[in-house]
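Below you will find one chain, with nothing else, as structure tokens; this is the form predicted alone, and questions on how it binds or moves follow later.
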Amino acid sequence: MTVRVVVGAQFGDEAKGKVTDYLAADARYVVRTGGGPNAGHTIHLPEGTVVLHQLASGVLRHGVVGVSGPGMVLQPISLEEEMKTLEARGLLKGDVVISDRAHALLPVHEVQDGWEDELRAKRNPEATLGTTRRGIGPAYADRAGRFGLRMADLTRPALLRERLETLYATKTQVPGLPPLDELATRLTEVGGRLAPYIRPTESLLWDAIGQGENILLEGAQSALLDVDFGTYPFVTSSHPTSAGALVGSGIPPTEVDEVIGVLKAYATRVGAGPFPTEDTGERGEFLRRVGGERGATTGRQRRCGWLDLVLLRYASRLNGFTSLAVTKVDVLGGLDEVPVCVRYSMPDGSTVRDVLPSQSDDLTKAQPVYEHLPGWPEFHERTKARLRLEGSRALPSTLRRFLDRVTEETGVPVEWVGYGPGRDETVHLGRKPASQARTELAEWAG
């Protein structure tokens, strides 16, 4: 039995969906532990491309149970549509289970999200967060304020109506809310259809652990967007860290065997917020074009830049990564050299190696100091064919040096490398004990 946690190690969009789908081949349960319809996990299957927003990646594999866990905020109307779309395409192969404790994200929250972001922009154009306007923040706020509705409530019409009336009473300042009666009716109808899938999930997973089943916890967003430990206030409203995955699933920390950090060979960010290694020139445009860097949920262009080892060290410490999965190395193929940020130079003359300043304004002043590593060849079909046949032995030597440098700087071994979007375009390097890699980790330095 193995319990694995998959965590994004950057600002999101690291191809966590691809990695989770790959690892789901060995899992019985795949659990999405946080977030909601603001996240889009893009998975390239032989049958075509799939973007999952609220369903766990396990639903795409026969014999796997995909759990939308208690830490999520689920939009029941679009959740049902997502299930129907997969069914129509013949891709809903696994079982779907929805936690009765997950909170319901409502059209009310979507309206409020847009209104709040516009309010910020009117007061200060630089204060807008660039949210997806999917209602995530307001839904989590209502959960914390204990005004929220949970998925179990949707199966009890009288209780649903009562709690919806209370929720509306807290939002008299928000303009343009949908009529309460219409929403109550629609939620009751959707809740009735989703009822067969809604059940307690923590006991399901505890039983699975007892029976020796493999469980994979799937993160959404990423560590640097954590509401407490990310680049606040330019963050999401939940905890997309390894600790958050435990709260969002009900699995105790003593049962976790591996924590896998997923990162791109470069870096991207969607929306506002500090991004020290952002490249706004031609090279950044190259990354955007070749990497196809557009948001899976919003379609917005992603900001692009270079691998930031300062933030990766921080994310590694925060999450306790036992191994890393590096994706999209093919995007950098053909470059003469690959810039990698190894430290920051601050205005006061100090150096930062592995600390995320608590104030985002301080991070915007950081000047990245780059090490330029030799590039590697393009990933032609012949190279990919060799990788499928020979495995890690076929990786270019300069790419191996890049991966070794990541391990040297973080103390965490690289175990998987993604060199394309397809399921079969991942190579396993083998497992090096994390303790062995961590002996190379420098003392904590600010």
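Position 1 is the first residue in the sequence shown; the rest follow in order. Everything numeric here is computed off the predicted structure, so don't read it as measured data.
Only in words, not in the display: the form predicted together with inosinic acid, which the text now covers.
Exactly one of the stretches 372 to 380, 312 to 320, 231 to 239, 201 to 209 approaches inosinic acid in the predicted bound form with heavy atoms within 4.5 Å, and it is 231 to 239. Taking the partner from elsewhere, every residue among 13, 131 and 300 has a non-hydrogen atom within 4.5 angstroms of inosinic acid in the predicted bound form.
Just one of 249, 112, 221, 75 comes within 4.5 Å of inosinic acid in the predicted bound form, counting any heavy atom, and that one is 221. For the residues 276, 191, 271, 357, the 4.5 Å heavy atom test against inosinic acid in the predicted bound form is passed only by 271. Using a 4.5 angstroms limit between non-hydrogen atoms, residue 225 touches inosinic acid in the predicted bound form. Although the partner is absent from this view, residue 412 stays clear of inosinic acid in the predicted bound form, with no non-hydrogen atom inside 4.5 angstroms. Not displayed here, inosinic acid is approached by residue 39 to within 4.5 Å at the level of heavy atoms in the predicted bound form.
In the predicted bound form, inosinic acid stays beyond 4.5 Å of every heavy atom belonging to residue 262.
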